[in-house]
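Only one chain is shown below, in structure tokens, and it's the form predicted alone.
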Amino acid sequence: MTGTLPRAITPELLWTGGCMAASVPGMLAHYSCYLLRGRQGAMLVDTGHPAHRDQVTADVLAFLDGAALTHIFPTHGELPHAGLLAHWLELFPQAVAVGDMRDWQLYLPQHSARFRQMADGDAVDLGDRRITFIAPIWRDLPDTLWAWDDTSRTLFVSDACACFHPHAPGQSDRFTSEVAPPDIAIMQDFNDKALHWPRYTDCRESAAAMDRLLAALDPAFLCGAHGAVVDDWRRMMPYFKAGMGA
């Protein structure tokens, strides 16, 4: 922990990205992405926000240390998650994009041969770690996918479990166990705006589904795009459920 991103979550898992002013005055919000390094490849989970292109690129190249990026996984098609997809495909000509790649041939037709459609249960083998794609429970868009790394026991949850907490510059790289509990009202506001459906839906059924998934996996980390890395999911789940209005 240095106070700013990047931070190595494990020796082979990097957290990078940047922060921007949130809709709440005086508060910063994370725009994160993650790099998994294996013996036979490396996967970038989300692409980084275009506003952070130079920083994220430098962090990824440093962590790869000369190795190749083989897979790019945009968890869904929104700007913070997929805005640098073309950048990474051009920087690493042998890499392929994996995930729910519907319609991407319309946006990036020059790279259409490099899209690999994935669905719930499909997996990518990086040699010493297997990344399995999971149908999301708290999703944003119809093309959202989550992923599970069986080696670090990390669940990549895209826009879900966004641990919004007031933080200033120099406090961007904290895990949830290292910060005060999140602000439930701020999380509810984010979920209503980003996911849309929580404001219209009784979320209790989905909360029970999250409980079952987490009990089955028992992740060491929940890595989302817009908040602190969750390293104590049992303590945090009541806050996340409240933030979904459950």
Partner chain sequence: MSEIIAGRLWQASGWIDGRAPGITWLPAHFPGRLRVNAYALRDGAEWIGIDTGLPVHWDAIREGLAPSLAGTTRRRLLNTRREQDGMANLPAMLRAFAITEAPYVGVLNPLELTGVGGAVATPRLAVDEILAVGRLRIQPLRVLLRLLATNWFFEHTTGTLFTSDSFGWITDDAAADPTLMISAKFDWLRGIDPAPILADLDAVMDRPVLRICPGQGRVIEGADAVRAAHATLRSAITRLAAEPPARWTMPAWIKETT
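Positions refer to the first chain, counted from 1. Owing to the predicted nature of the structure, the values given are computational and were not obtained by experimental measurement.
The discussion below concerns the form predicted together with the partner chain, not included here.
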Do Pro80 and the partner chain share at least one heavy atom pair within 4.5 Å in the predicted bound form? yes
Residue-level question: is Tyr31 within 4.5 Å of the partner chain in the predicted bound form, judged on heavy atoms? yes
How about Phe63: is it within 4.5 Å of the partner chain in the predicted bound form, going by heavy atoms? no
Does the partner chain come within 4.5 Å of any heavy atom of Ile186 in the predicted bound form? no
Under a 4.5 angstroms heavy atom criterion, identify the one residue in Ala220, Val179, Leu217, Met27 near the partner chain in the predicted bound form. Leu217
For the three residues Asp46, Arg114 and Gly127, verify that every one has a non-hydrogen atom within 4.5 Å of the partner chain in the predicted bound form; reply yes or no. no
Going through 93-109, which residues have a heavy atom within 4.5 Å of the partner chain in the predicted bound form? Please give them in sequence order. Asp100, Arg102, Asp103, Trp104, Gln105, Leu106, Tyr107, Pro109
